[in-house]
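Here you get one chain, nothing else, as structure tokens; it is the form predicted alone.
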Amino acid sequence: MANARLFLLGAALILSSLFFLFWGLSGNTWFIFELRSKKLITLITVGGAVSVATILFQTISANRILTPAIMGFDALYILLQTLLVVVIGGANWALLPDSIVFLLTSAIMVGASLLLYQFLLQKDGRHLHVLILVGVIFGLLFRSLTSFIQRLIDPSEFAMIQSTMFASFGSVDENSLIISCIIFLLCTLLVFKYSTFLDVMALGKQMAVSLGVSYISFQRLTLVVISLLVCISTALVGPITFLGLLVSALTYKIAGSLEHKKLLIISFLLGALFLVIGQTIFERLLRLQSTLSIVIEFFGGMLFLYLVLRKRFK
């Protein structure tokens, strides 16, 4: 049954991808096909990275409501973009190569997360929930600083920053996309290699340690992988806060199993499928009258409230 679901999801992703590439293809077909191909790879990479990172985060936190977005990566990304505009000026920021901005933003975000893990995840491993709490506090701090700075800058520069506050798949730098794909593939291969360890970690710390898993070391490794996946997806297209929550909620329903190989594959397929179908509808049917990220945030926020209230009154 699970294999049939995987096959259906895979077939749906392939069909939706072909539909995205060839629907309405006319005129300078090769040029349009090249643009659509790059955008398709971006959608699949970002959808897969966010979804896989969410499943991993929920496993080590033992909570199906939490997502990596709670650590404040999206707030840090917008703060970095704002500071760049303030420091070098809006005109110079617009002239910076996209690949440089991507590498700089990714490096700072990954570095900040590693420093946080180093200071808060002690050898006894009792501080994961403290880490999450500190992430929430830093997220609020970053948002407050961003709001304060944006009130001080020139309106034209604020308009430039505003474009980075929502995820956009319209124009993605090719070099940044290649780097993101390589990091995503390496992280995915590593996760699949140690998927059985994730199955054991899902049983809890005491059970995992009794079964011979180096819990603290593997927890650190998993957090590094999560940071890489979230940082490349955010730096590539912008913040997508609730996509992971939407995908993970459906993944657990569809999988019918807690085996992480199945969970990760299904989450990857669902995340990519959501973005490909959603972007197809917005581009071909709605003629870009709105943005996909806004709809994802709306339904994801509604799902989050539902999950919280269900647990509250259960």
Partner chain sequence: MITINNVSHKIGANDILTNVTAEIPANGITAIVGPNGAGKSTLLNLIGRQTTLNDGDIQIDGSSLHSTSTDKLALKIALVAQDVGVASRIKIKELIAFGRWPHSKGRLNDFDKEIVEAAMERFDLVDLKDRFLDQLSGGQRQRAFIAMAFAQETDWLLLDEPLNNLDMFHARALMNELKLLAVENQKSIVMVIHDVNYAARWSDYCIGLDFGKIKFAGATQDVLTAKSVEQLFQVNVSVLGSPNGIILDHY
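As the structure is a computational prediction, the values presented were derived from the model and not from experiment. Numbering follows the first chain given and starts at 1.
Not pictured, yet referred to below: the form predicted in complex with the partner chain.
With a 4.5 Å cutoff on heavy atoms, residue 88 does not count as touching the partner chain in the predicted complex; it lies far away. Under a 4.5 angstroms non-hydrogen atom cutoff, the partner chain in the predicted complex lacks residue 32 among its neighbouring residues. Though the partner is left out of this view, residue 205 does reach within 4.5 Å of the partner chain in the predicted complex, counting heavy atoms only.
For the chain shown alone, residue 117 is not a contact residue for the partner chain in the predicted complex, no non-hydrogen atom being within 4.5 angstroms.
The stretch from 79-87, 195-203, 224-232, 97-105 that comes within 4.5 Å of the partner chain in the predicted complex, counting heavy atoms only, is 195-203. Site annotation in the predicted complex: the residue of 172, 213, 181, 110 reaching within 4.5 Å of the partner chain with a heavy atom is 213.
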